[in-house]
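Take a look at this single chain, the form predicted alone, given in structure tokens.
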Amino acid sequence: MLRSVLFVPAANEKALAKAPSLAADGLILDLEDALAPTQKQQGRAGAIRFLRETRALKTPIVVRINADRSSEQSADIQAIAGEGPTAILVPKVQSIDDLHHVYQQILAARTRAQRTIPALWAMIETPLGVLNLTSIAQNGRAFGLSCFIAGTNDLAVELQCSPSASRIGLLSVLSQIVVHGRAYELVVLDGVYNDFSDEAGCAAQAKQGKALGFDGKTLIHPNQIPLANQAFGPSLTQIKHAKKIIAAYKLKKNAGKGAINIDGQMVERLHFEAAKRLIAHTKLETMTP
């Protein structure tokens, strides 16, 4: 599960030192927006050092590279591709060509000894990216695409809509990202909540993201991690209900049945499969140190 994925500035030594001990389900070492132009080389060195020092860490580690096929992007890929990140996050993806370009650079940057190719994550941050979601999702799997992230800050600016906490101007776009992610079996992550001092607002937006169908939320501060974990994790009520569904379908009398009655509600096989997934994820979370 990726309920909480924290952006960590790759040039911030204190933040990097603290990151492995946090309860985030994933980490994104940021070489793009979190760094000033003069910090890019320092950020690459920090990301390389972090990846080498945390090889035993079970938490997925993703590196966000720079955008727009720039010299900075090429330098990022050359530095990071062979260091074993879980994935490389490509910002401002507007077409499948953007992913293909990065993928080809990754292949060129690896040595023969470096057999593992990192997955690709795509940030959808522009109107053109939204319009091309089908092509990106459908064809991106050939290049290792495994996740969409909604770049809500850039989307609000590009769409010239209000960046209010309710995100009313973004809801249709966010739903499109979820639909395409689900259609092509990609993880879908919600965008960041900028006011890290507003815990109530972050919790409310995380709940909204969960209601929209996102798997989890990207974060900018460690204080937001428990809020996202709670919002996107199953409640005790959900866990109990899932266990009841599993137990009911295991009864002899229900063997082979498509739909059964549980507490006056019709439950189908699809709910049985969903219940099994929920319990499996819950067990994995319990086992994670």
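Start at 1 with the first residue shown and count on from there. Computed from a predicted model, the values in this text were never measured in an experiment.
We do not show the form predicted in complex with a small molecule, though everything after this point is about it.
- Proximity of Ala34 to the small molecule in the model of the complex: non-hydrogen atoms within 4.5 Å are present.
- Remark: Ile260 does not count among the residues lining the small molecule in the model of the complex, judged by a heavy atom distance of 4.5 Å or less.
- Taking the partner from elsewhere, His221 is found to have a heavy atom lying within 4.5 Å of the small molecule in the model of the complex.
- Not displayed here, the small molecule is approached by Val192 to within 4.5 Å at the level of heavy atoms in the model of the complex.
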